[in-house]
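Take a look at this single chain, the form predicted alone, given in structure tokens.
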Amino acid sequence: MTNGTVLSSRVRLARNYEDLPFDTGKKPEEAATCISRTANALALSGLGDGFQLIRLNTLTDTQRKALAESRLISKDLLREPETAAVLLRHEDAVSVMINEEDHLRIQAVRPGLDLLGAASACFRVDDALSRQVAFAFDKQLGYLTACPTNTGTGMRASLLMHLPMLTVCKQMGNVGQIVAKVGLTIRGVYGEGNEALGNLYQVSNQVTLGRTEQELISAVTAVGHQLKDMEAVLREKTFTTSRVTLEDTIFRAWGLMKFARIMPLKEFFKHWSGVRLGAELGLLPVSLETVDALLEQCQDANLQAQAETTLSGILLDAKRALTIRKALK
């Protein structure tokens, strides 16, 4: 019985130039300075190979949203597309977002539970830029940021986790308390309010001040292992005591995903979770890689980008169903 509850690890570093005011997103001249300075610094550092400078105002709304759905940029970067940009290296999912809440958000994403790998990729870029430019830094406080909760290391470490049994068994309230005790937070990645579509959650540190980068990575990693073990215990128990009910849920999801002709987004998330659980338990003839790829491919903007046309309503839901059927064929 496999357990791939951690889909990915992400690390972000918030950095600001010492001679520019915060919140350049609404100030075109200063935003332009921020973009050109960052691109030039990365090029001069010798680390610029493979990075593509993308100005968000050169993309369509669909293309911008597709980048956010793929988690290559944040949704916050979309707020001021006229002044925002990203230096993106697709091959290893490393990006430098420019003119978001801070001047720079350096981000790296790695598959599975690999916060150290994501952090290493971020710090390579951070070190390269630091040799060319000066960031706002205080000896006592650390890196200065637009939001006080990011001051200090400026680092956010997070895990994307699939926790279906903890959700079904109504244990997420207890999970929230466990996570909060060590200064972390957990929230649904998709959905509104307390909703967690696809039983997908993000675990991350709440504050960065007063803790080293290694301490933050260790804390998030330790909680990731704890939640992974808790989920595994519930899966084993349910598989033993209620196997027929569990299998029925999984195979119903499998049938709908394989044969449905129309698949609304919320319904997709529900069935995606069942199919992923079935793949993890070895009940379905599909790899986790295939199922996880659908998470990106089947979101609205990515579907429209694939179709190279604007889709909505039943046409969009039909395109999603077709994409799923092709993947699970």
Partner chain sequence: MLCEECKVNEATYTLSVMMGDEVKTRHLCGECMAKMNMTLNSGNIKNLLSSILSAITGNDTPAEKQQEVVCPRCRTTLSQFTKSGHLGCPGCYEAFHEQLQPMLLQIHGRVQHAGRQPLATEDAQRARSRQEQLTRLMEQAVALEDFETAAQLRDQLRALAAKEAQA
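Positions refer to the first chain, counted from 1. Remember, it's a predicted structure, so these values are computed and weren't measured experimentally.
Separately, the form predicted in complex with its partner chain exists; it is not shown, and the next lines address it.
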4.5 Å heavy atom contact, residue 170 to its partner chain in the predicted complex: no
Interface membership of residue 198, its partner chain in the predicted complex, 4.5 Å heavy atom rule: no
Close approach of residue 182 to its partner chain in the predicted complex, 4.5 Å, heavy atom: no
4.5 Å heavy atom contact, residue 142 and its partner chain in the predicted complex: yes
Region of this chain that lies against its partner chain in the predicted complex, out of 217-225, 184-192, 88-96, 132-140 [heavy atom, 4.5 Å]: 132-140
Residue (of 209, 256, 78, 234) lying close to its partner chain in the predicted complex, criterion heavy atoms within 4.5 Å: 209
Heavy atom within 4.5 Å of its partner chain in the predicted complex - the one residue of 83, 107, 153, 158 that qualifies: 153
Its partner chain in the predicted complex reached by all of 112, 269 and 300, non-hydrogen atom within 4.5 Å: no
